[in-house]
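Quick heads-up: it's one chain on its own, the form predicted on its own, in structure tokens.
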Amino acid sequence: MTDITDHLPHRYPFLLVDRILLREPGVRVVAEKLVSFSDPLLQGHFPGRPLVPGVLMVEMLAQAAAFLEAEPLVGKSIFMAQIQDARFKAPAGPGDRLELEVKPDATFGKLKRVAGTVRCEGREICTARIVLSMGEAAS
């Protein structure tokens, strides 16, 4: 996959996945986010000690989860319906290379739950289960 925007409906500045490293639709996705001083998500969070907000690490996992789907999600609706068991174990900031791994966990009709992990230099810094609502084409 050469262009993430061919598969994902998000756009700058809210596109939080930089590259897909491994993709096995329906099985597992490994993606990455390179955190830079110029990232809009760091502006003002916090002056003098920029940190990636934990909620945006969860959003990164949800965006990576879209690549579990075989077909692109552009033009379709996908919403985060629930965040379960989110744990934040260490901060992330400028210069960090975040590895995002997601795997399917359960399916309940149009709801799909994924288990995700954010790692930095091999350390687990965030884990969460996310319930996504997968819909038809957005109108």
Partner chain sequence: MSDLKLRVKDMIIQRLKLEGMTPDQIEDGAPLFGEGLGLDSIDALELVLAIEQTFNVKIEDEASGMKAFRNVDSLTAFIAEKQPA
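Just so you know, these numbers come straight off a predicted model, no measurement behind them. Positions refer to the first chain, counted from 1.
Keep in mind that the form predicted in complex with the partner chain is missing from the display, and what follows is about it.
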Would all three of L34, M57 and L98 be in contact with the partner chain in the predicted bound form, where contact means some heavy atom lies within 4.5 Å? no
I'd like to know if Q82 sits close to the partner chain in the predicted bound form, meaning any non-hydrogen atom pair within 4.5 angstroms. yes
Indicate whether the partner chain has at least one heavy atom within 4.5 Å of a heavy atom of D39 in the predicted bound form. no
In the predicted bound form, is there a heavy atom of the partner chain that lies within 4.5 Å of any heavy atom of L15, even though the partner is absent here? no
Do K76 and the partner chain come within 4.5 Å of each other in the predicted bound form, heavy atoms counted? no
Among the candidate residues V27, A106, A70, A90, which is the single one with a non-hydrogen atom no more than 4.5 Å from the partner chain in the predicted bound form? A106
For the partner chain in the predicted bound form, the stretch among 62-70, 90-98, 49-57, 108-116 with residues bearing a heavy atom within 4.5 Å is 108-116
Looking in the predicted bound form, the residues of 41-79 with a heavy atom no more than 4.5 Å from the partner chain, listed in order, are none
